[in-house]
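Here we start with a single chain on its own, the form predicted on its own, put down as structure tokens.
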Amino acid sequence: MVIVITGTRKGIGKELAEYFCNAGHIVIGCSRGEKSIENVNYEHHSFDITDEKSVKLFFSQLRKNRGGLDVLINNAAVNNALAPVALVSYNAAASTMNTNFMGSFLMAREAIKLMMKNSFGRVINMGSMAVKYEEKGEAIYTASKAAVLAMTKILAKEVYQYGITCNAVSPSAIKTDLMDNIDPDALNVVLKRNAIPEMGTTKELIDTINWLISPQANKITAQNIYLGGV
């Protein structure tokens, strides 16, 4: 498979890219930063997923060089507005919404155009348990992920006739750079609300994605899968 993953310079995106490369897939990764993965199956592009021209150019090159893609994993996300709404600046809110929602929208829009030509595709968007718990101080981040989930469900209805499924995976908290600014005590309080009251792992995420992109999940679409018993 040809798999496009956003936000592969570090964190979950990097781990996903390395796993799928080692599993024998061709992974086309992207981030604002430079390449951080060395693998014969990996190709990196540096651009901003919120810039429409850059996104269109990326997919144009992908079509010419690879003929299309099979899977898009919208992983890139930021949380620049971690504060009560009254203290959040416009720029912080806009950058969070742009990366998390508009970036996912642009990547999905261009990806499905290529997938439709091959009558097959899998779009995997990344959700968050924040949508379920609606914690104070995370209004903008939560709103951005809620928008992603709404788009996922509607997009799934629009593209299934073309052999494309669209689902979201919302993991429990996984240790990443996004977690560094979150109070660990507050996080533990939230985790205790889960059926599995502990941190999640990238392996759990990988296992779920592997199933969603498999032929066995051909009839699974418009779903948001919460991990960790959220």
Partner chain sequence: MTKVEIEQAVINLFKQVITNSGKSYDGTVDNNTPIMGAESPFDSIDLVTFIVALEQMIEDDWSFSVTLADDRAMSQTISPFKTIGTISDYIEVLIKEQQ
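The structure presented is a predicted model; accordingly, all values stated were derived computationally and were not measured. Residue numbers count along the first chain shown, from 1.
Here the subject shifts to the form predicted in complex with the partner chain, a form of this protein not shown in this document.
Of the heavy atoms in Tyr162, some are within 4.5 Å of the partner chain in the predicted complex.
In the predicted complex, the partner chain sits beyond 4.5 Å of every heavy atom of Lys153. Although the partner is absent here, Lys35 lies well away from the partner chain in the predicted complex, with no heavy atom inside 4.5 Å. At the 4.5 Å threshold, heavy atoms of Lys175 stay clear of the partner chain in the predicted complex, well away from it. Contact annotation: the partner chain lies within 4.5 Å of heavy atoms from the stretch 110-118 in the predicted complex, the single such stretch among 110-118, 93-101, 138-146, 76-84. The three residues His44, Asp51 and Ser54 each lack any heavy atom within 4.5 Å of the partner chain in the predicted complex. Residues Lys56, Ser60, Arg63, Lys64 of 55-79 are found to place at least one heavy atom within 4.5 Å of the partner chain in the predicted complex.
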